[in-house]
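This document starts with two versions of one protein chain, written out as structure tokens and named structure 1 and structure 2.
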Structure 1
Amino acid sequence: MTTVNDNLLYLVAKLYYEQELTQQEIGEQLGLSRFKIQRLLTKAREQGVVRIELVPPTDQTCKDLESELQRTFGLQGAVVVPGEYRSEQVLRKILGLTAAELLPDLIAGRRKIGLGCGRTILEMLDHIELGGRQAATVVPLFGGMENIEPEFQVNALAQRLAAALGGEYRAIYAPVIAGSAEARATITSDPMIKPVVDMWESLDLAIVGIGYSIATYGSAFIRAISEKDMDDIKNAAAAGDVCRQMFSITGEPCQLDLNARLIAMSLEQLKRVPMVVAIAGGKVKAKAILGALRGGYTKFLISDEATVRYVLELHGEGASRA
């Protein structure tokens, strides 16, 4: 590999990207075949002669809403993406991307990291680029489901985050819902599982989604609970959940028999974690988000403008009624 290449690569790259000639035209001008040019370009990209940089929207976040959230709910911080997104797909991706970019700052030396699951979390993982050797350990915050969808494979997500961080992860080989309270006790005291569950007591950071309907959890979850559980949930007026732990719009934990069978970090434990980042958006989730905020289950919220406005409006109404 002579140095000729470097100059040639640069030249070809320049003609292609700056003068916007086609590979064909460049080939003709240089007396080389189109294919050669094509390969030179590929090489130029590989070797970093061509660098494609994406400029993140310059902090165009809704500062006003962010500080209002912070004040109203005693958060440590918030990031509100401006705009209204009709498409849930788009919103999820944008929140995931936003979260991915905030992550390095949010992690900042925290070692024991708990990770929830869900589509937004999955999107976030798609965009993380960190690589740096972080001395971090990632654990799932609740058990798994037989559900095949990748966004609910808690261990896989933890593994991906750990890989992106260059740290380690712990897998949990337990179901999110045990068959009975006794089964739960047996499972969580199993020597393979206990160490993971125990870590929930001493996390430095938790990254969670906010759920708004048991329907979200998919058929596997529903299959695991009884008619009575369903009735209980309805009666308790569950507005949403964090780590599968349900609460009402006022932030009160729902008292459910189901709770005794849940293998998931508890809301009390969550409140003791020094930093909890919740990522959630979309009007359908507004009540769930409000409940989580009122209950103090998160310390940092990543959401979107339209949703946050609606959440604050709902909160105001509730206040005036009270």
Structure 2
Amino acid sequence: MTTVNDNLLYLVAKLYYEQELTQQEIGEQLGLSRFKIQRLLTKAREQGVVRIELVPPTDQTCKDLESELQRTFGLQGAVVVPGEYRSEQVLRKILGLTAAELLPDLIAGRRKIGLGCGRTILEMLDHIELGGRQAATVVPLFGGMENIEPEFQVNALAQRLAAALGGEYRAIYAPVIAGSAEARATITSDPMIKPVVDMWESLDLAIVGIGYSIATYGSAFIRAISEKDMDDIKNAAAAGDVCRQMFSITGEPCQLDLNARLIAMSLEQLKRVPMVVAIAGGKVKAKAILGALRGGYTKFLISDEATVRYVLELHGEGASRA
């Protein structure tokens, strides 16, 4: 026999799971405390009123997307993580874990490795497990900034990857932005800096993130550029960046005065690296990822299903207007 309590359990569960009301909102509607609603939801799970089943997308769906990415953009490889993630933090963790699992195969036999920075790369390094030692040298792909978040500390990230490999790293003791083009030339020719800059020409592998907004670069970067630089970036219709080098959604490098002052690997240099692995996801990055793919700035993409679908949709729309 159905009891009032059973009906109440069903009602609370329906409001919470189907109508997506908060526990506070349900409590206000039913005249019950939030604590009471929480207990009823727990009881609904225990009594089988609510049954939660996780059904992952079929592997074939993601494999088809991987094949389409490779075919459309001439990639050497792609890995698409199933599903759509509302939380950027959860997505970064998933992509970081995936990259950490793939890294041993991607790194095998590589001797000169360049590393970018970012929250997803930091997640990758937090979960990396590499067995044995590899005679590899790791270098940052651009200069650093003082007093910034851990995910942007390029030398520390390169050191962590080198330690995991059992190899060595070379730090770049230079800012990512010089005061002038002349200052950049002086800095990059310094004997302490030049070996790293020279190594950008002979990398076997580069591991990078894809940026989509200058606001995500960290406050130190924003403080280091002028108002004119900010205006130039806005007017250039930059879709994203790799190694702080900005490009449009078509993949064309943005022509900025800032470029002459950047102490960073150029997009042309990046295109010449035999293997460039980009780790990026989230629909907010779709235009940036599309620009990087069209420009040939990555050869292996690690992303998520929802983002890849959107990237391919945007690319199809652009092709249909051409």
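Note that the rigid core is defined as the largest set of C-alphas that superpose within 1.5 Å between two forms. These numbers were taken from a predicted model, which means no experiment stands behind them. Along the sequence of structure 1, residues get numbers from 1 upward.
Visitor: Two forms of the same chain appear here; which of them is the form predicted alone?
Guide: Number 2 is right.
Visitor: Is the C-alpha displacement of Val12 equal to or greater than 2 Å between the two structures once the rigid core has been superposed?
Guide: Superposed on the core, Val12 moves its C-alpha 2 Å or more between the two structures.
Visitor: Aligned on the rigid core, do the two forms place the Cα of Ser33 2 Å or more apart, comparing between the two structures?
Guide: Moves: yes, 2 Å or greater.
Visitor: Fitting the rigid core first, would the Cα of Val308 be found 2 Å or more away between the two structures?
Guide: No, the C-alpha position differs by under 2 Å between the two structures.
Visitor: To one decimal place, what C-alpha displacement in Å is found for Thr22 between the two structures with the rigid core superposed?
Guide: Its C-alpha shift, to one decimal, is 36.3 Å.
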